[in-house]
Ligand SMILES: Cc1ncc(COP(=O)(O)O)c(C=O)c1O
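Take a look at this one chain, the form predicted alone, written out in structure tokens.
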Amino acid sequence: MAPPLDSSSTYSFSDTETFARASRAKTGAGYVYSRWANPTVDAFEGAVADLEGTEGAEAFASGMGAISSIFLALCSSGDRIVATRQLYGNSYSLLQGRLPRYGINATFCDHDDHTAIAAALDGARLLYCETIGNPKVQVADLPHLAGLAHDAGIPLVVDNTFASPALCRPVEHGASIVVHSATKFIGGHHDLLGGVVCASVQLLEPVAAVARDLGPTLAPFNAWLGLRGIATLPLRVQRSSATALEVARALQRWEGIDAVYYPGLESSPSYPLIGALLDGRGGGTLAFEVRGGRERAGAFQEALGLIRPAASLGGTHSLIVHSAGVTHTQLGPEELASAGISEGLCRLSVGLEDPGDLIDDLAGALAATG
């Protein structure tokens, strides 16, 4: 019942002509070398493509490997990317600091400033956003952004990590390419690194070519772990989403919490979008501002017992990070302010623990630092 794990890095052939033909093709004519293709990795790619409703998928050693390969595959020196400002810190630093060294520049706009996005798309190569932005969990209006990209004649690329295909399939809303950090909800157990790009065969080919040249290959064992995670993905996402809503409602009632950000709250600007885009759920990640800034936020996290201060999200255990100090260290003070990230902002990834236990843990830590 468990999927087979093929750990081979290379494969032998009985005749040299078949060997040469498969080597020229790289994929589809027999397995040659696992940087090009591997049976276990292929099975993982097929499963994620099926979940996202795309023709195919290409797996990578990490989410950033997948994101970087998209940009390098679709853009050349002199090209420009338009991206929403609500992004994971490494995605922002890649666009802001590293790609410009190779002549690829980026324009950043707020995810809901559609007028600015439309104006910026003139002459751009692609539009990039996250389904649920990191770290303040704002939901992007994917159909509207897809329409703007379509009018500009360019692809919409969507990082669907925070939602997962259990909540949202961006291609159904007009996206051309979907990317995941499989480390998060798809893996779901805090024990693998991986990334995956889902798209049409035509769009995937240049991405796969970059992967073959640069080598950010997903290991077969991590693909096997990803297949295990997919088996429980909808159950985990449903549970974490339901618990996150309970936790967000509790946080709203407490002194010492200045703001709570969660799409499932009726007070959230993103609430009108979750019915059409996220199956009526807000996802398993929320954010909140601890009164007292960075110092109290740090003490608050250290006072937690069940919830652990740790990077990443989407796994079985609840994890908390100080956004300015962990996930967005690449941003300076002005960039943090522009992204709306305060000194007291904490991002909480809700796991599978009992909701009451999580709420008690948060309440106790807040009382201990009051």
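This one's a predicted model, so the numbers in the text were calculated from it and none came from an experiment. In this text, residue numbers run from 1 along the sequence as written.
Below, we refer to the form predicted in complex with the ligand, which is not included among the displayed structures.
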- Listed range touching the ligand, judged in the predicted bound form by heavy atoms within 4.5 Å, from 107 to 115, 237 to 245, 178 to 186, 206 to 214: 178 to 186
- Query: Using a 4.5 Å cut on heavy atoms, which of 193, 250, 75, 146 is close to the ligand in the predicted bound form?
  - Reply: 193
- Residue within 4.5 Å of the ligand in the predicted bound form by heavy atom, from 319, 64, 304, 49, is 64
- Message: With a cut-off of 4.5 Å between heavy atoms, is residue 313 one of the residues that contacts the ligand in the predicted bound form?
- Response: yes
- Decide whether residue 130 counts as a contact residue for the ligand in the predicted bound form under a heavy atom distance cut-off of 4.5 Å. yes
- Item | in the predicted bound form, residue 161 touching the ligand (heavy atom, 4.5 Å) | yes
- Given that the partner is absent here, does residue 134 sit within 4.5 Å of the ligand in the predicted bound form, heavy atoms only? yes
- Query: Within 70 to 90, which residues have a heavy atom closer than or equal to 4.5 Å from the ligand in the predicted bound form?
  - Reply: 88
